[in-house]
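Just the one chain here, laid out as structure tokens, in the form predicted on its own.
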Amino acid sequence: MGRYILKRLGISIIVFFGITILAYAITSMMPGTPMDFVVASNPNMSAEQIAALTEQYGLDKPLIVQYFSWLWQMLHGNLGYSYQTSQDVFQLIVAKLGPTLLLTVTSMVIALIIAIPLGILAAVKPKSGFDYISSAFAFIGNSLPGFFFGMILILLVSVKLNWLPMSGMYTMPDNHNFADLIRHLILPAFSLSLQQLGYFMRYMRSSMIETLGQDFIRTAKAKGLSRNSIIIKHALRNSINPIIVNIGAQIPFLIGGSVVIESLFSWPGIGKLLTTSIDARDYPVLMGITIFIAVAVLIGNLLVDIVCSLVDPRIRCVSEGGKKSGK
């Protein structure tokens, strides 16, 4: 088990450095420079002041020199300072991390709580009316963009019915009330969970149908076990593994979707910070957010691999099989 974890960890480290190279190159190729935003905000700046700031930020150096300078600082725990606000990038991101985690985790929990039971029921009764309706719902969930569903919710629930607030995290910024937080969280969380819900429902259904056709299920039926016992204790345990695997696969899409949802609902998280940093060409903040997202995705996938190897040891055996066979 330890060898398997070290192998997966080594692959994650290599992928992480590859992500930093690609992200830095793509960021530098965006139209405009941070100086354009600075000059637009301070039109009276002289050419000497602009040149001094360019040198201070290191933007006058070749791209590869800028990257390795940033990488060296990052490895020492320094993500730099925002060009836009002069705040420490690490502290700036940490301040926005809580709302994003709250939104993404809540939406994932909502998706799993709804998708797993619906997927099981659809698999137990294939080709029934419920199966067709749930499959259509899953298809719509996969196809409908989260921001479009969010706009529909805002129009119906907030504007027409006036049941829930349409933006922000609290009604009053200086009054952090838990009930008020939940009211503001419902719409963005459901908007973000829609695509995950359809995705997990489809996987749960197909996995359960495959498991229910296995020989050990027929043996359990022949022993006279109850239907609920067969489904919960035997079929579900062997069908849940693909769902666990796909939780890790959905983390990048979940974070990507949160960028749009946070902007739509003015949710004060990393996604909203990312959009404002793109507009300002704030390279340190963009790279800092990229690092946080990359680490979250890689750690999520690593944990999923470990959990899957514990649930199904065959995964670990396949990964280590080549090395063992060569001894």
Partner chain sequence: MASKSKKEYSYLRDVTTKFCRHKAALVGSITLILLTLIVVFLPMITSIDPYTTNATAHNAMPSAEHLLGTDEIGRDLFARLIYGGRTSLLVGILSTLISLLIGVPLGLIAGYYRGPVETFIMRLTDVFMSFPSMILIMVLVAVFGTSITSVTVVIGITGWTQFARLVYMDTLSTRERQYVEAAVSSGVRDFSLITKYILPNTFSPVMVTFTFRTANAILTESALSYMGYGIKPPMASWGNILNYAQSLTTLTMRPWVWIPAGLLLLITVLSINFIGDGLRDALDPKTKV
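From a predicted model like this one, the values you see are computed outputs, not experimental measurements. Numbering follows the first chain given and starts at 1.
Absent from the display: the form predicted in complex with its partner chain. The rest refers to it.
For the three residues 145, 154 and 290, a heavy atom within 4.5 Å of its partner chain turns up in the model of the complex in every case. 139 is the sole member of 130, 81, 139, 170 with a non-hydrogen atom lying within 4.5 angstroms of its partner chain in the model of the complex. Although the partner is absent here, residue 9 lies well away from its partner chain in the model of the complex, with no heavy atom inside 4.5 Å. Remark: residue 256 counts among the residues lining its partner chain in the model of the complex, judged by a heavy atom distance of 4.5 Å or less. When its partner chain is considered in the model of the complex, residue 202 lines it closely, a heavy atom lying within 4.5 Å. The closest heavy atom approach of residue 306 to its partner chain in the model of the complex falls outside 4.5 Å. Comparing 223-231, 88-96, 108-116, 154-162 against its partner chain in the model of the complex, the single stretch with non-hydrogen atoms within 4.5 angstroms of it is 154-162.
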